[in-house]
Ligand code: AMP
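The chain that follows stands alone, in the form predicted on its own, written as structure tokens.
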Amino acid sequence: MSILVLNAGSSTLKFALFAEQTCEELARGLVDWRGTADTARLTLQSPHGDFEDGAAEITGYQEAVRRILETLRASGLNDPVHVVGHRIVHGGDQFQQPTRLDEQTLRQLEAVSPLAPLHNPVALEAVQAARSALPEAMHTASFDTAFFSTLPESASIYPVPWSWRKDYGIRRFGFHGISHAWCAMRAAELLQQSGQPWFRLVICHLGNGCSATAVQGGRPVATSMGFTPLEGLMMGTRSGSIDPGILLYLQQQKGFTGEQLSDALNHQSGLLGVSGVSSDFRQVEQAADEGSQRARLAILMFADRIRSTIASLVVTMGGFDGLVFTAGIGEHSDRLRRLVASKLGCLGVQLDNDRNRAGQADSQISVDGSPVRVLIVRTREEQMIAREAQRLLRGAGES
């Protein structure tokens, strides 16, 4: 028996297969169709060898799930899928633990979708596709918001009319929780501080979406994303935090609609909006190296906002013992890590330039003896989801 984990994007579906008993990873891959069959691509990595299909004729989640299952079987991974674990970004107030998916929970999650319009609807499409393809399997959900369900009220309550919290559920939820939970656990292992209640970390999840979290004793105490994944750091196409008066001005004085504002803030801002080049940090770096002033500005702004957020999280905890970089940019851009660390010496951050350039996953990149240990940690969201799905499966067997 095996566990299949699915992580849906707007036109991508990441997947990983795990042994049910041990949660050992057996294979992982990606289906990427970017909206058209002409550009569809399926990749698979496994001990049996790598596979790539550049003409996969996939235009949606139904075909994607079917092709994933066919490719796994063709690669010799024939054990029946007993449970499918799904990543759901927003669980709202209702879902604060990994949950078995049924018709009732799916209806409740549909009601939450407006809080994460870029993420939840596509994840639910992938859930329905997987349930159709694997009707006998248990389907479970792991929520990015769940890790932050224990945030103190001082960190989760907004300074807005109290009735907004009571009547409309306005609060800080936090996101990338699956990644932050893995990195908190892994960093504590690497630094031999597992279970220490005083151990303080700042974790920077830097990809197309970006967030930073303060973690003490394995539990989050503050985080940059808020009611939606739009708040906080500057991101690939998202603005992050800006003056809300800008939105009022554009709406009241310039006639912008809510839809126009949402599209601009979610799809046309961030690295893309400032650089005018791309939301992909690698392409922005290349443009900066080729002389683009806007690309250089985008990189400097990006690093500055990360530094400022790190500093605020450190003050919230009264200091810190470790700084973690993770996700696509955090794990792979030595330039970004260097820029972020360059003005954090006052907080005890001392980067080792050679280690930083080497960029090895799950390794220390600060100098020996540095007051703050700086780490690159490879995020393993699928591994976390598989472990949570395994616990739900075992719990169902015991009940």
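Here the structure is a predicted model, which is why all the values come from computation and not from measurement. Residue numbers run from 1 along the displayed sequence.
In what follows, reference is made to the form predicted together with the named molecule, a form of this protein that is not presented.
Residues placing heavy atoms within 4.5 Å of the named molecule in the predicted bound form fall in a single listed stretch, namely 204-212, out of 314-322, 69-77, 152-160, 204-212.
Taking the partner from the other structure, the named molecule in the predicted bound form has a heavy atom within 4.5 Å of a heavy atom of Asp280.
Of the heavy atoms in Ser333, some are within 4.5 Å of the named molecule in the predicted bound form. Put simply, Ala327 is close to the named molecule in the predicted bound form: some heavy atom of it is within 4.5 Å. At a distance threshold of 4.5 angstroms between non-hydrogen atoms, Glu285 is in contact with the named molecule in the predicted bound form.
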